[in-house]
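In the block that follows, a single chain appears as structure tokens, in the form predicted on its own.
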Amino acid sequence: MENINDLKTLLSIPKDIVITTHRNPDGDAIGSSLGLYHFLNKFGHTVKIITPSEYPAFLAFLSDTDKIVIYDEEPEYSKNLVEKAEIIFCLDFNSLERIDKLGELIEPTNSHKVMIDHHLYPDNFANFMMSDTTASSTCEMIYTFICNLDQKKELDITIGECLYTGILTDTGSFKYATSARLFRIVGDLIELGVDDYRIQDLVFNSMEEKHLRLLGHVLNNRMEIINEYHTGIITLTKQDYEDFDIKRGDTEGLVNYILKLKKIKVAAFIHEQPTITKISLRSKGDFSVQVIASKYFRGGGHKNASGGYSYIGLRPTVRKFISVLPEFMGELKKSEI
């Protein structure tokens, strides 16, 4: 962030601050938002977190998740907070389109907008921008941001637990986008007193019975393997959502099971929502699914983890995805295991 000193000056006097993150927030979105929230609270700021939609239930163990304002549930209150805010932190997204109607409220305000994000191709909507596509997660960037403010001494176990959770989930348990820098940061968080085993247990071993039954159903009945393209696809229908009482966050990690297969390089999770069909893409090695997501499914993300959507329905979206794979056959062969 080039103008970090200007932001330091702004933050030197207590302000009304809003922190927001993307729709369908994941561990990194919630972890970075809460980590920054607890940090800013130390300096007398009035801080509110607003998410466009509900967060997954498995993240409820993080301190003060119950104070998060959900726009879908409280639009008027959210609007009042945005209009009152002097500074708005935009975390883990690179375009106001990622926060839907909340973005329409934020864009015209005179507030100072701060974007901290690690996705490709950020829009130029913020007064202060910290963009690092080499970072594993926005939580890693929040740690760096706090250090850049010369406030590393203010890190504590509560902030550390939030940041560790986001790093853990966004790296797939330290499999993706790791670096020596990241592990040094994680080491610092553990030295603060973060119990890494406890958090891993809370994140990964908190399934309800329906989650395990859903996994069995998906792997047995909704998985398609296309060996020619080293690709696997998992689908979920609206009926599946009803039959298994699927809520937000219940499908987290399903797509990664396909990548456990030795010869699979690309995994797709395609599922019906009330008005759109969503697609989540994952890959191994050097093959970039970000290109597929941005070119064909109005989305984007990272090289090994991206997503998008379509309006054409579940089966047509599956057919479209399969139809574009031949375009990438050369790259898939290059990255064969």
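Quick note: we count residues from 1 along the sequence shown, nothing fancier. Worth saying up front: this structure is predicted, and the values here are computed from it rather than measured.
What follows is about the form predicted together with ligand 5GP, which we do not show.
Engineer: Heavy atom within 4.5 Å of ligand 5GP in the predicted complex: which of I68, L62, V47, A305?
Structural biologist: Checked against the cut-off, the match is A305.
Engineer: Here the chain is shown alone; which of H112, R98, H230, H211 has a heavy atom within 4.5 Å of ligand 5GP in the predicted complex?
Structural biologist: It is R98.
Engineer: Judged by heavy atoms and a 4.5 Å cut-off, are G172, K265 and K284 together in contact with ligand 5GP in the predicted complex?
Structural biologist: Checked in the predicted complex: no contact with ligand 5GP for any of the three.
Engineer: So, Y309 and ligand 5GP: in the predicted complex, are they within 4.5 Å at any heavy atom pair?
Structural biologist: Contact with ligand 5GP, yes.
Engineer: Quick one: is S288 in contact with ligand 5GP in the predicted complex, heavy atoms, 4.5 Å cut-off?
Structural biologist: Contact with ligand 5GP, no.
Engineer: Can you tell me if R248 lies within 4.5 angstroms of ligand 5GP in the predicted complex, counting non-hydrogen atoms only?
Structural biologist: Result yes; R248 sits at the interface with ligand 5GP in the predicted complex.
Engineer: Even though the partner isn't displayed, in the predicted complex is G301 close enough to ligand 5GP, meaning a heavy atom within 4.5 Å?
Structural biologist: Taking the distances in the predicted complex, the answer for G301 is yes, it comes within 4.5 Å of ligand 5GP.
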